[in-house]
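First comes one chain, alone, set out as structure tokens in the form predicted alone.
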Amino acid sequence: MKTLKKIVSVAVALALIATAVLALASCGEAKKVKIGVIVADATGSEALSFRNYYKEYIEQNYAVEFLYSDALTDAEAEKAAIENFITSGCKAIISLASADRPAQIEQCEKAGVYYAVASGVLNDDEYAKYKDYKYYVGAIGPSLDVEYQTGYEMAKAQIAQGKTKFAIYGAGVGYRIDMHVQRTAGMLAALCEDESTTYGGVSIPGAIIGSLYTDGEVSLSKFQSSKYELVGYHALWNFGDATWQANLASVVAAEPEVILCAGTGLSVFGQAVSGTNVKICDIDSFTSDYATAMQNGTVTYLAGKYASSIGPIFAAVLDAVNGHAVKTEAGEALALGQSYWVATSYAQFEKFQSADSVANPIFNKTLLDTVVGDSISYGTFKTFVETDRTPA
């Protein structure tokens, strides 16, 4: 009888332990912070590298769960995606889509959900308006000045090699996406440094930028030059549209020496230029697709982001959700800059790519943990973000 009682007691104890373990596991699961990520591009190499870093590295090292939107191309789609995330219990939204960022900020502020911009920035007027919003965490990415300079330097590098026949892929210029407008303006401004060259009768960067915002495109008829040819222009991502595909084909058929791309140039033009002498110069990221393209000579210039460059904005969001938002000395939202790595050869590309992987990212947990906490100063966070981490 005593033996039976002992067996029963042990069984009860084991059951209680098992229940406790399950409860703890359930509790741990419940504590995961849900973060929604809205994306304009869901399948491009940069978008996938960013997603892999968040899903395969950050989720494995922090108590967070990322929910991703499908590809979004307009403000209404962004609004619907954010609403879905809010309904799903997300405590924060990280935005990689920019059809209407002001509307995104207003929507999240009204819902009491933290909002941050990854790999991009607000323009000056937008920042001035939203910097004091309670739920606006901030933006970390290349500034618009950096975006302009990146497009400018890419074009200048081709000019220095003696290239004179160009086409331009404006990516999201038609959507007035700031970073794509700035990059494209930089390309045109570099060409317009030649005294015989103008765009719309001017060569001043500010006027070129204004023209792109007004028109939502590069007009070939506005480009006048005795030295350079601009033989084609393409934009947007309407892969299923016959007119869009026909224009893409016409750009390649014009046989530019180089297509200067404001982003996603390889995914748009890679197959189309295969077997031709047309080269792609792009502003995108260090991914396996670009490694292959640089190795076979399809891409000859890449100004790229690396996957874990979106680590700092995650840290800022996590701090905010945990009640310890990092603010400037004036108590305003973050507006911090990052720069691009530039590769002009496959060997250089390999060095950069190997420096940042999902298994061993530059912004790893050890580094991120230095700015995740309850007493992180703005100065500490700013230095953390703006330190040059380009591989030596």
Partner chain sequence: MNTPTLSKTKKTARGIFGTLIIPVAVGLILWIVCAANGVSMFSNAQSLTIFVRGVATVMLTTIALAINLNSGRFDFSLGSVATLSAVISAQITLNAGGNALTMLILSIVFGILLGAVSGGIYVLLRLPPIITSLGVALLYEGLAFTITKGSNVSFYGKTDVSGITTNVLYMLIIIAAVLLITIVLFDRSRFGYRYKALMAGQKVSVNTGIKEVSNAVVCYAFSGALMSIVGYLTATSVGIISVDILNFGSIGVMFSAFLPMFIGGFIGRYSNDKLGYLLAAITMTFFSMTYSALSVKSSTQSIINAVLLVVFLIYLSNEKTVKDIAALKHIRNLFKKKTDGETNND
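Superpose the two forms; the largest set of C-alphas matching within 1.5 Å is the rigid core. Because the structure is a prediction, the values reported are computed rather than measured. Residue numbers count along the first chain shown, from 1.
The protein also exists as the form predicted in complex with its partner chain; that form is not presented, and the subsequent description refers to it.
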Among 70, 241 and 267, does every residue place a heavy atom within 4.5 Å of its partner chain in the predicted bound form? yes
Which one, 348, 43, 354, 364, lies within 4.5 Å of its partner chain in the predicted bound form by heavy atoms? 43
Going by heavy atom distances of 4.5 angstroms or less, which of 161, 250, 164, 224 would be at the interface with its partner chain in the predicted bound form? 250
Based on heavy atom distances of 4.5 Å or less, which listed stretch (304-312, 195-203, 209-217, 150-158) is in contact with its partner chain in the predicted bound form? 209-217
Under a 4.5 Å heavy atom criterion, is residue 296 part of the interface with its partner chain in the predicted bound form? yes
Touches its partner chain in the predicted bound form: residue 236 (any heavy atom, 4.5 Å): yes
Quick one: is residue 322 in contact with its partner chain in the predicted bound form, heavy atoms, 4.5 Å cut-off? no
Its partner chain contact in the predicted bound form: residue 342, any heavy atom under 4.5 Å: no
Is the C-alpha displacement of residue 87 equal to or greater than 2 Å between the shown form and the other one once the rigid core has been superposed? no
Examine residue 238 after superposing the rigid core and state whether its CA is displaced by 2 Å or more between the shown form and the other one. yes
Residue 322: after superposing the rigid core, is there a C-alpha shift of 2 Å or more between the shown form and the other one? no
